[in-house]
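Next up is one chain by itself, shown in structure tokens, the form predicted on its own.
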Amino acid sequence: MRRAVLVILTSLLLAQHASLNAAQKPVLKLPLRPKSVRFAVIGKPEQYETAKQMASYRDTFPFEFVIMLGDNIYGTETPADFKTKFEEPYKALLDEGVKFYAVLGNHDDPNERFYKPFNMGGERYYSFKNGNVQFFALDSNYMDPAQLDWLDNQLPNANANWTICFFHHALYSHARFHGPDADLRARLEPLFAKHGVNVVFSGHDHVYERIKPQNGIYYFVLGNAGQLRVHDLRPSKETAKGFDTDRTFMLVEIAGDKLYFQTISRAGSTVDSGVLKKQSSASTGAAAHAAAAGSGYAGMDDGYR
């Protein structure tokens, strides 16, 4: 009798253990196409649990690099802070050769551009290419004429199937604390539409929001990888999906004319996922006219902030 009870208890414990393992195993919603471009996206990143989930998902989805949306080292920025706020949380990814590409947030010291693990090459704004995707990292703290001219000249030379821009302040956002930056939108969106930018990633607001396409461009706000403002989001008719009750990061896969994305919470649950089809040149051309109408871009020659 005692032996039978022990057998039953052992079986129950094994079943419970298997159930817990199954619950904790990452559930991937991305297709892992051959030769696809795979990366992660984080905003305000200093959070151990988020970093742990990213490393766990990388076992299933081997992304090559991470784009960082600003406010990278919140608060003080001593050498010890860079270690405790970035190097230690993301040690598992850094040790595996994952590269991080940062932009400056309003809480960042501009000297972060010289910190080698952020791969900014000492520049406030820069570009890099991976596979069929060209990335433009911008400094939205100071959108001066020199940066706008650089962007206007560089975007036509992207020579890539997809063009992605990422920076800190959001052109579209429905969070209460900050919300959209209309001045920045007036300066950037005409250029994005004119040159066929496909996707824009921003941070600043401590929420996750996917915006319905605006002027032919896909917009994401993801500023809650490390910092969170619970119930700060006020969804509108422009909001395709929002989430503001936990920290998140995003996984992205680009294959051919499709961009697959999966947004994951600190607890490992999927809060948003889907596939975006690359916009046609005709739709981006129409968007350029729509964005340029009334933008006032041509007359803006002063520095931003």
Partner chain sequence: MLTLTVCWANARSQERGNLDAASIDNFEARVAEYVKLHNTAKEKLARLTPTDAPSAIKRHEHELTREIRGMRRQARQGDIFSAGISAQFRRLIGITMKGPQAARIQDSLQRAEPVRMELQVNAVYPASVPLQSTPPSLLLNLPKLPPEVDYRVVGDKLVLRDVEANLIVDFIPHAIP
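Everything quoted here is computed from the prediction, not taken from an experiment. Positions refer to the first chain, counted from 1.
The same protein also exists as the form predicted in complex with the partner chain; that form is not shown, yet it is the one meant from here on.
- Task: Heavy atoms, 4.5 Å, the partner chain in the model of the complex: which of 184 to 192, 215 to 223, 129 to 137, 159 to 167 makes the cut? Say which one.
- Result: Checking each option against the 4.5 Å cut-off leaves 184 to 192.
- Message: So in the model of the complex, is the partner chain close enough to V200 to count as touching (4.5 Å, heavy atoms)?
- Response: The answer is no: V200 has no heavy atom within 4.5 Å of the partner chain.
- Check whether N106 has any heavy atom within 4.5 Å of a heavy atom of the partner chain in the model of the complex, and answer yes or no. Output for N106 is yes: heavy atoms within 4.5 Å of the partner chain.
- in the model of the complex, does D152 have a heavy atom within 4.5 Å of the partner chain? Result yes; D152 sits at the interface with the partner chain in the model of the complex.
- Query: Even though the partner chain is not shown here, does M143 get within 4.5 Å of it in the model of the complex, heavy atoms only?
  - Reply: Yes, M143 lies within 4.5 Å of the partner chain in the model of the complex.
- Task: Check, residue by residue, if P26, K29 and P62 all come within 4.5 Å of the partner chain in the model of the complex, counting heavy atoms only.
- Result: Not one of the three qualifies.
- Task: Output the sequence-ordered list of residues from 119 to 139 with at least one heavy atom within 4.5 Å of the partner chain in the model of the complex.
- Result: Contacts from 119 to 139: G121, G122.
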